[in-house]
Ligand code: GRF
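In structure tokens, the next block holds one chain alone, the form predicted on its own.
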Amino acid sequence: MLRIVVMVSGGGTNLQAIIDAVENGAVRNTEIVGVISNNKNAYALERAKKHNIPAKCISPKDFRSREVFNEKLLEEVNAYAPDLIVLAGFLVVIPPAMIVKYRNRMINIHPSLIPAFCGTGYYGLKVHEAALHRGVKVVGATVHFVDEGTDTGPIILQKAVEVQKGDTPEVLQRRVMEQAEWRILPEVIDLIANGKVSVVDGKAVISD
């Protein structure tokens, strides 16, 4: 059974997609053992509680320094003894020590087709604003392993979504969530839970 911790900063729609997929059997051999947010007002915490999933807030604001926060965050994550960490809209820089400890065991969902519209400053609506400003015809989402860079780790799955005439950033964001994010994030977790993802020469490989 794959033990996962989901880390999230906001509403938790991707968390909900994972919860639903675990409960309906689309994600097999997986248990959500904890949810962590840096935002005490994140609705994601309520989603977790509704499904009896342990949830807690660990905010940098509550610690005297980022170093102390980083230590506490890693300590709290370790306490869940996870096999996989899922970053589902977690808007905090991951401590280097956590990246090292959970190398190829931490995944992130990003709302673009990496390497487009990714890296520092590209998150949330900003990604979709940039895509519309550039006039691209196809956008999408990417699930990748986390490394020391920003959105630079090995890519596991991507799904494309068409831009439609008249799209606003908000409308495009919703379509990318519905058609890409909420589908490929649970799919990747299921693949990992069933031993079908490995990293070879810095690239993620999916086996049959």
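Just count from 1 along the sequence shown to find any residue number. As the structure is a prediction and not an experimental result, all values here were calculated from the model.
Quick note: we don't show the form predicted in complex with the ligand, though the next part is all about it.
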- request: With heavy atoms only and a cut-off of 4.5 Å, decide whether residue 11 touches the ligand in the model of the complex.
  value: yes
field: Non-hydrogen atom contact residue 88 with the ligand in the model of the complex at 4.5 angstroms
entry: yes
- request: Spell out, yes or no, whether the shortest heavy atom distance between residue 109 and the ligand in the model of the complex is within 4.5 Å.
  value: yes
- prompt: residue 161: heavy atom within 4.5 Å of the ligand in the model of the complex?
  reply: no
- prompt: What is the one choice in 157, 177, 33, 26 with a heavy atom within 4.5 Å of the ligand in the model of the complex?
  reply: 177
task: Look at the stretches 109 to 117, 73 to 81, 129 to 137, 94 to 102 and give the one with heavy atoms within 4.5 Å of the ligand in the model of the complex.
output: 109 to 117
query: Is any part of 114 to 137 within 4.5 angstroms of the ligand in the model of the complex by a non-hydrogen atom, and which residues would that be?
result: none
